[in-house]
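Coming up is one lone chain in structure tokens, specifically the form predicted on its own.
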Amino acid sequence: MSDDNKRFALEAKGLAKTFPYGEERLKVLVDADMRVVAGRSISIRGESGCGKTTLLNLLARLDFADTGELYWNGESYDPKLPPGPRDAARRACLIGVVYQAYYLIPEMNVLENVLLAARLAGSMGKDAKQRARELLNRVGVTNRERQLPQKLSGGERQRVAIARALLNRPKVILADEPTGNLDERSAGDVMELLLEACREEDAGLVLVTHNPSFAKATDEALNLVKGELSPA
């Protein structure tokens, strides 16, 4: 492991991904490079369907690349191999993911949904519950911990999803259009929460967004065009 790799919470080199398209293969990503530093934020913009979600899935090893190199906190992973059983717990400790659709478990209350991250990481206990309650207070839903997700507004659900993503103190937060289902005010609040978490939790943030104002608020802005990442 080189000293360069150690400096980055997450690093991708030359990631490429294609999908079957009739008798050919559609190039979604071409030699994508990215370096995520703890405490700094990166935004990615691009047209719908250009491969932004695919890139986040490759970074989180929820999918696998055709070619390239991938490092999680300096540890090398072969991005061409499907994720193994070991990756789930490792991912739960290193990476927090926030989705546009929240993905809260409807049968679990707010506190249980946040604690799901600790269960995946194998770290359930008193400390996890205390951390979960502190995060719920921080994101502004303290009094809703016993509520089921369907009783919450969209903005409240996303706040719960952010608390869940932060529970294990991840090195990297991957946020895939986290404000896409929210009204303007709630979207602004959620964006502020993410940037604040990035700074205060010393976590790298990779934000996929269509909002140019949100993209400008990050430390680095990238565009994904025809499978290639470039500075905005």
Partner chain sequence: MKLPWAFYLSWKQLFPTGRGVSFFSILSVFGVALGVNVMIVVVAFMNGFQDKFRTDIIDSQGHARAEMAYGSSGDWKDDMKKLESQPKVQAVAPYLNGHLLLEHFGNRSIPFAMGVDPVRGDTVIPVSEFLAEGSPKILAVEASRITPLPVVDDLQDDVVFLSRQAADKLGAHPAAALLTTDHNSSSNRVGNGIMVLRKLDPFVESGTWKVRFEDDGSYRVTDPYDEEWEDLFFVSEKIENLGEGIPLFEITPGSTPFAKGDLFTIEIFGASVIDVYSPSMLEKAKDDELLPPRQVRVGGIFEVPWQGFHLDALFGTLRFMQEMNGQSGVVHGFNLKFVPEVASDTQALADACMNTRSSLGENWSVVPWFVENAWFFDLLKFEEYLMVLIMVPIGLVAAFAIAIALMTSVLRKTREIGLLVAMGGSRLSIGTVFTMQGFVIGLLGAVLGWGMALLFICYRDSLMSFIVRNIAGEEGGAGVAQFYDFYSLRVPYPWDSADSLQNFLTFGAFAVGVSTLAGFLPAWKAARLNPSEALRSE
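Note that the structure is a prediction, hence the values are computed from the model and not measured. Positions refer to the first chain, counted from 1.
The same protein also exists as the form predicted together with its partner chain; that form is not shown, yet it is the one meant from here on.
Note that among 111-119, 152-160, 133-141, 73-81, the stretch whose heavy atoms approach its partner chain to within 4.5 Å in the predicted bound form is 111-119. Interface residue among 192, 33, 63, 183, judged by heavy atoms within 4.5 Å of its partner chain in the predicted bound form: 63. In the predicted bound form, its partner chain sits beyond 4.5 Å of every heavy atom of residue 128. Using a 4.5 Å cut-off on any heavy atom, the residues of 49-71 that reach its partner chain in the predicted bound form are, in sequence order, 53, 54, 57, 62, 63.
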